[in-house]
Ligand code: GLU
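The chain below stands alone and is given as structure tokens, in the form predicted alone.
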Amino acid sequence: MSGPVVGRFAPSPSGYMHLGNLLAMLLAWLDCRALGGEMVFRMEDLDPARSKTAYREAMAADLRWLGLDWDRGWPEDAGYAQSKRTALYEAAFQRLAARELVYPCFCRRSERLAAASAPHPGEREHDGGCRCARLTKGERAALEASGRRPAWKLRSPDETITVHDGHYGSFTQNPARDVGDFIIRRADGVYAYQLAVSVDDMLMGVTRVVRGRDLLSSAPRQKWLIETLGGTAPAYCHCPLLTGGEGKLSKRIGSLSTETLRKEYRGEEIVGRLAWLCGLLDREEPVSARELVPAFSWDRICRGDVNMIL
């Protein structure tokens, strides 16, 4: 991929960030800065019920605490918050609808409420074949007349899509077979994660996406969406997850949240711990993020998940 390098931070303000988030943010920043690239800060606050102002503000402070800067984006430009970009998602949706790639889904499913958020390991992302794809116009009209508000699903492409991940190698998926049709707009009108992320990466000129390996399975769909909408998909580099005693770290583990960590540690101590855990440092020691840039290489990053003990 030629041209300017553009990386991005893309946190979701549904809670205070934890060490697993910070590792992904650190590696995204190092990857971009090592290539002399531009860093974008995007706030993925699609879901108004889950997004809180306090979390948005804390995330910017957390990045600065770690010494991770950015060149454009939120909070300096509100247009980099997904909550302000609905018209852009609507335009993309209408382009897909014009090609008959979407259909209304009237199923009563709890995952509609989670569709605006990035998927997590163990969460079911699809139904394996939605009967709504086969409804006639009359059946759809009857359901709407009864007061049912549909979500909208994308017809997954029945083709093999390969993503060449910069850390884990090639990942191949047939979305129709392996994922199924998936929601891109919820019944309440909120656009879902897969569509919004794809549109944003395309329109913001993102060329490199670094994030946790739990999102690797989303990459083929996002690549297909971006290319279908006329854009160029970014290069993907997924990174290992930090795990605790009960699996992947989450925002629900309060003792590991940045709200707590910033009271007890300096940013350089956390950067040094994360760099050591993922293989960038041979020993644990305080270090600034900028000091890690010259020697950064994906070859040094471990591929297995890291069981972390503070």
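Counting begins at 1, following the sequence as shown. If you're wondering where the values come from, they're calculated on a predicted model, not measured in any experiment.
Not on display, but discussed next: the form predicted together with glutamic acid (GLU).
A heavy atom within 4.5 Å of glutamic acid (GLU) in the predicted bound form is found for one listed residue only; from Leu215, Ala151, Met202, Val102, this is Leu215. With the partner omitted from this view, the residue of Ile161, Ala118, Cys132, Ala235 that lies near glutamic acid (GLU) in the predicted bound form is Ala118 [heavy atom within 4.5 Å]. In the predicted bound form, Trp74 stays away from glutamic acid (GLU), with no heavy atom inside 4.5 Å. A residue is said to contact a partner when one of its heavy atoms sits within 4.5 Å of a partner heavy atom; Asp62 fails this definition for glutamic acid (GLU) in the predicted bound form, lying far away. Glutamic acid (GLU) in the predicted bound form is approached by Glu44, whose closest heavy atom lies within 4.5 angstroms of it. In the predicted bound form, at least one heavy atom of Ala10 sits within 4.5 Å of a heavy atom of glutamic acid (GLU). Checking 161-169, 133-141, 90-98, 192-200 against glutamic acid (GLU) in the predicted bound form, the stretch whose residues place heavy atoms within 4.5 Å of it is 192-200. Within 4.5 angstroms of glutamic acid (GLU) in the predicted bound form, the stretch 150-176 places no non-hydrogen atom at all.
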